[in-house]
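For reference, the chain that follows is the form predicted alone, supplied as structure tokens.
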Amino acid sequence: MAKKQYSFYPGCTSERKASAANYMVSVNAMCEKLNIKLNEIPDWNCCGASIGYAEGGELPRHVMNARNIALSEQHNPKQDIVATCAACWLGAKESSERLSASEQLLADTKEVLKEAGLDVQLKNETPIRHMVEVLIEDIGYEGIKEPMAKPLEGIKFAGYVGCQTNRPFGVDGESFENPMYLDKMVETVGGEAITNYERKVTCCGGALAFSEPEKSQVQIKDIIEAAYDQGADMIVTPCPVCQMNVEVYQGQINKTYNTKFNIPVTYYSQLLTVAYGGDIKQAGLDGNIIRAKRLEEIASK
């Protein structure tokens, strides 16, 4: 398999000791097996995903993403920008499209970027892609299967896509109501996908987990219950916010609703890394709060 290179935007949550640091560990191990090279954008900044909640205004949010795009076009020319975080991907892609659609917004953005000397670097011609798009469109399911060494047999996965990788853009060719790519990935590496999982595109509540936790926890409870109802052993997701919310609030939900939830919530990259022969540490499974013991057993063989 020929090496494919991408301009990589890691995002804040993948930083060392951040909430999705183990996601990045598994992505790196997965990419090594798939012969993918991620060239990190130098001096990247936050995508500004939370600015909307803080009423920071539209222009600052788009400028933050435009700066990353400009840096990528300067340092990693002709390489698609790839993000692993759903919020980063969504924000950067939206900014790129908004800048393309509005000459005034583009002019205002470039005026701000002048202070950083990046106004002339911003061409805004680079595709913005989520890692799952790279896997599906560039590697393909047969390519995903190729390095498999340890099939994930006997494990049932509920593919929880969430909302940010689903709307408004979604993955090309997938249904907005019932996207199947996580199910296909699971089946490709020998796992059993629960294809009729009814909460796969339900929002986890996002930032409401901090501001209005009772509302978010109702959403999370429904997501977990639906997985249990279908006999899932664990939930798999492409979104760091979804992973964090659905995993860490299970104890609190148990106290509130007298439930006994204890279901692992993993990333697709952790599944693939284990299937490719990676150990617990390489798959970042030691960073999960609710340990995915079934995956750890396979990883330990």
Partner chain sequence: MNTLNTAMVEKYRNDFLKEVEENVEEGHWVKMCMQCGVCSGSCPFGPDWEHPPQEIFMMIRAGKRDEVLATESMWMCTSCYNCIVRCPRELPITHIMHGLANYAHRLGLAPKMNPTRRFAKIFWNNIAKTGRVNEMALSLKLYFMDGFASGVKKSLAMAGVGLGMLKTKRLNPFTLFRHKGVEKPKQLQAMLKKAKEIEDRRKGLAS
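Residue numbers count along the first chain shown, from 1. Note that this is a predicted model, so its numbers are computed, not measured.
Form predicted together with the partner chain: not shown, discussed below.
K.L.:
Taking the partner chain in the model of the complex, would I139, T195 and I223 all count as contacting it (heavy atom within 4.5 Å)?
P.N.:
No, none of the three is in contact.
K.L.:
Go through E133, E94, E174, D80 and name the one with a heavy atom inside 4.5 Å of the partner chain in the model of the complex.
P.N.:
Of E133, E94, E174, D80, the residue with a heavy atom within 4.5 Å of the partner chain in the model of the complex is E94.
K.L.:
Which one, M180, L106, I155, C203, lies within 4.5 Å of the partner chain in the model of the complex by heavy atoms?
P.N.:
Of the candidates M180, L106, I155, C203, C203 is the one lying within 4.5 Å of the partner chain in the model of the complex.
K.L.:
Can you say which of 42-50, 271-279, 230-238, 29-37 gets within 4.5 Å of the partner chain in the model of the complex, counting heavy atoms only?
P.N.:
Among the listed stretches, the partner-contacting one is 42-50.
K.L.:
How about Q219: is it within 4.5 Å of the partner chain in the model of the complex, going by heavy atoms?
P.N.:
Q219: yes, in contact with the partner chain in the model of the complex.
K.L.:
Would L90 count as touching the partner chain in the model of the complex under a 4.5 Å heavy atom rule?
P.N.:
Close contact exists here: in the model of the complex, L90 approaches the partner chain to within 4.5 Å, heavy atoms only.
K.L.:
Evaluate S100 for contact with the partner chain in the model of the complex, applying a 4.5 angstroms cut-off between non-hydrogen atoms, and reply yes or no.
P.N.:
Result no; S100 lies far from the partner chain in the model of the complex.
K.L.:
Is I263 close enough to the partner chain in the model of the complex to count, meaning some heavy atom within 4.5 Å?
P.N.:
No.
K.L.:
Can you list, in sequence order, the residues from 113-144 that come within 4.5 Å of the partner chain in the model of the complex, counting heavy atoms only?
P.N.:
In sequence order, L113, E115, A116, G117 come within 4.5 Å of the partner.
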